[in-house]
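This document contains two forms of one protein chain, each encoded as structure tokens and listed individually as structure 1 and structure 2.
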Structure 1
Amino acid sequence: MIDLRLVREDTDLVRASQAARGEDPSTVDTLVTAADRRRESVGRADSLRAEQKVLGKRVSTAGPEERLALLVQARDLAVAVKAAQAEESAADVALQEAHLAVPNVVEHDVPAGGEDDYVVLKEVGDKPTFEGFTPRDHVEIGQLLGAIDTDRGSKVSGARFYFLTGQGALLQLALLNMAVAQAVETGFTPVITPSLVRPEVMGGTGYLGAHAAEIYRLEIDDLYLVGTSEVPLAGMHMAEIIDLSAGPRRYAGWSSCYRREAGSYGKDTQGIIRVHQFDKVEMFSYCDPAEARDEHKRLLAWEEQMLAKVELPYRVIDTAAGDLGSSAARKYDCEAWIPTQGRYRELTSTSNCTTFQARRLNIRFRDADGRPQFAATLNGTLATTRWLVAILENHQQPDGSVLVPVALRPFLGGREVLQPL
């Protein structure tokens, strides 16, 4: 939910944001109209109610003869109040609807356009050359190592499911543990989150809008499976006034993540690039909105720190407005080089949601004057199952073995190489 004051005072800015996203700017005008209508109906209902209260007081103190006449008057007024109230709540509903239809206002310097209009901010590291052999893809390496079993994954659960076995399971645990270790060193509170959340939490984070088809829903229990621990971590402080006087509150969530991958038929059907269930360590930060842009840069830096530890070549992109989620004002992705695909694939994603989620979830903090204000929320990836793809492919050797990045070795019991079975 965006700030209505901003909509009223700088309508053009919000319209421009919609245009940058490639969405209809007229939703903004609808919102302005709805806000005006609500304001007017509130005013009318308020003054009628004030009148009613005064009259009600007179009824309670009046003598018997006077009382009867006053009651007649009061009855008429009650009808008028009821009508005004009905209009008020109708206007409220309309405003709410118009409000929810407008995604977050993008930062002013976000590149406009769609999926392909990102801006590359930097490229880091050297792509591997593979002298004298043709690199295997992660599916083949996973088989050689006995690390990934997609056949049995689909036997048991269907397409886009997999087993991580032996070295694969250990490698993932090592990676995620390294992510948690880094987060804790940095001052994050590690959290193992619920994977099922209530509708208001899923809705509050902005995931039930245009991309609701991505979400698994358990209808019998009216719960949703989370696609990222961002969701429970955002819900954690809903309807609270949190203390940010000591700076941002940072959590590192560990969870399995579930995604329906609706509409992605035919994309990445092999291996574990795009799957229905994976594991992730995610950073989440609550902070003063004034600090959100800086915090966003910090989250990006911590992501890059992780990528450096696993010694992967990657680039950082500034995602275009049209490719942002509805909650995000800006998003940076880190994409690792995948040798057998000859292209970069997203490994991390960090979004600044400013106060958009906090407004929906009613998460506030007290500012320097002690006034409650909406907090900003941000999130960013530290590690996911998909990272295994990049690690296996980039660090593979001619004999099918895989070199373990130095920083990761302590988390694998000191192991330096993953050997084919």
Structure 2
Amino acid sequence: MIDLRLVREDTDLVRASQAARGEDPSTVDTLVTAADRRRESVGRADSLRAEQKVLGKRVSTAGPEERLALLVQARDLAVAVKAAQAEESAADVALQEAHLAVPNVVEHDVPAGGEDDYVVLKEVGDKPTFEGFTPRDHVEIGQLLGAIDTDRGSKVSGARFYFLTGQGALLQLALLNMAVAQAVETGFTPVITPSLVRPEVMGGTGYLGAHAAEIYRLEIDDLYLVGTSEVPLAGMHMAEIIDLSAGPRRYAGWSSCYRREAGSYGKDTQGIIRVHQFDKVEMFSYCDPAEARDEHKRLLAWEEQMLAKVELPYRVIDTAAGDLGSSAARKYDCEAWIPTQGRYRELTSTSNCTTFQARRLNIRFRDADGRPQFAATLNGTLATTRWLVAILENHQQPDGSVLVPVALRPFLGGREVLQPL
């Protein structure tokens, strides 16, 4: 949730952020009104409780005649206190609802607009030309290699499921292991995270708002399947004061991820681009909010380092405000070229969530003066199953084989080529 002090001190800034997202700025006014109501109700209840305490002392020392009048007064005051406490509770609920309805404030230079209003920051690498043959898509390549089996995945689990077999399984393990190795080299602590989290953790990271329909829920256990290890990594330090005296605390989470893909009917139904289950290595950082923008650039640089290792042509986009999740103040996407689609597709994203998630989850650190402050949280993808699509298509050869990127070969036992069966 956003800082109420910011909402009061710069209401126009928060309203402008809402407008940039394409959302209703009046939710900001509702939040200000709810905060004012709560402050007034707390003041009124505190005043009545103080008056009740003073009156109680007078009753205990009063004479018989005065005591009777004071008891009548105390009875009336008790009724007023009870009503004031009920009003205070109602104001608390209204403030909580209004507070949760306002997403994070976007950074001032984030592009306004929706999904198609991103800004391309740069393009890197040369797109393959495939002289003398027509490139195959990743589904056909995967079949030739015995690497991807969507037919049996559908038979076993339904649409948008798959098996990675043989060289496909080895390729994914090699990719994710390379991502973990890079993360460890740059100071991240590797973590294998839980796949199920409690509602307060899922809600605390901001995923039970507009994207709630994409999340699998186990109703009997009241637990949610995570769509990214960002969620359990954020919940890992919930209600804690963490030590950031040595700089950002960074984790690299390896997890299976689950997404219902609600609303994507008819999109990317072939292959493994948009699926219900996949594996991912996710970077997650806690830092001083003053360092968050620089940390965001570092996460992006590490993502680009991984893309360079697998020798993929890609571009970096600055995502428009209307395409940001509720927690993000800014998000950069790295999109790889997919030859058979003739377009770039997202492989990674990195988001600066400022203190939005930490306020919901009560994650703090001590500043230079020893005072507890809310931490900033950031996340960024290092590798995921979807990367196999770009690797197979960009590095394919006329005979259906696939060249293994040089940096990836040590993680595949030195294998240089994936050969058709």
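Under this definition, the rigid core comprises the largest set of C-alpha atoms superposing within 1.5 Å between the forms. Everything numeric in this text was worked out from a predicted model, so none of it was measured. Please note that residue numbering is based on structure 1, beginning with 1 at the start of its sequence.
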Correct structure when looking for the form predicted alone: 2
C-alpha of Pro372 off by 2 Å or more between structure 1 and structure 2 on rigid core: no
Core-superposed C-alpha of Leu55 shifting 2 Å or more between structure 1 and structure 2: yes
